[in-house]
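There is one chain below, alone, in structure tokens, taken in the form predicted on its own.
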């Protein structure tokens, strides 16, 4: 078994109902954040973190994702013929980002089931899971930070953010204690899915980045489906916690929930202001609004 984290799994089989009617024909992962699909930000983060192999777990109606990361011979030929070399280079850069495999989740049976669908492609080595809805802006890629913790501590790592107040009830929440050496690391003893505010075991909310050991696959296979026949990743990680160390890690950076309309709007403004070609004009436009 290799101990290097070389593979990242992207569960992308959801229907994206929160963005209807836009997602009636367009996968939610392909909705544009400024000028790139949401999922491309996650792929770029993975590649910048040393990932060599991307696995998309897809479902019906997700063909646009495959087309996006494939070579578009017709578009490339048109751009070349018209001498639009910068756009041609941009188009080709997307198709050469990474080695990508696809596996189909035939039924929406939960996040744990989606991850389990990638078992044969991952093999017997640690791997990452990236939820495309969570777009993270960080100087050092979030996943790279997590892989560093994994390499140092040797246990699975869950990305967390501190959530104050009743909003914690929307997340899986860690139980445990802050590490004595590194305050960003949280030594897990358990986790609770969407607890009531007064019952939350901590303020450490799990968000969409995971580095997991391959043992989690066997444990997910043994996991009893819950409501709606779904297999939850949280249940597999809880079982893993009984056998191995699991750490929470409060990453350095800012996370946007691009699976939510308001979160998508926030991300659009923030990422647009980072683009030098129109940041000044956009900032002036925002300042000129009558709010």
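In this text, all values refer to a predicted model and were calculated from it rather than measured experimentally. Residue numbers count along the first chain shown, from 1.
In what follows, reference is made to the form predicted together with a small molecule, a form of this protein that is not presented.
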Open item on the list: Under a 4.5 Å heavy atom criterion, is residue 255 part of the interface with the small molecule in the model of the complex?
Closed with: yes
Open item on the list: Taking the small molecule as it sits in the model of the complex, is residue 147 near enough to touch it, meaning that at least one heavy atom pair lies within 4.5 angstroms?
Closed with: no
TODO: Flag residue 206 as yes or no: does it have a non-hydrogen atom within 4.5 angstroms of any non-hydrogen atom of the small molecule in the model of the complex?
DONE: yes
Task: Contact label in the model of the complex: residue 172 to the small molecule, heavy atom within 4.5 Å - done: yes
Open item on the list: Would all three of 45, 136 and 161 be in contact with the small molecule in the model of the complex, where contact means some heavy atom lies within 4.5 Å?
Closed with: no
Task: in the model of the complex, the one of 131, 128, 142, 118 near the small molecule [non-hydrogen atom within 4.5 angstroms] - done: 131
TODO: Have a look at 221, 80, 193, 152 for me and say which one sits with a heavy atom within 4.5 Å of the small molecule in the model of the complex.
DONE: 193
Task: Interface segment, criterion being heavy atoms within 4.5 Å of the small molecule in the model of the complex, picked from 176-184, 88-96, 67-75, 207-215 - done: 207-215
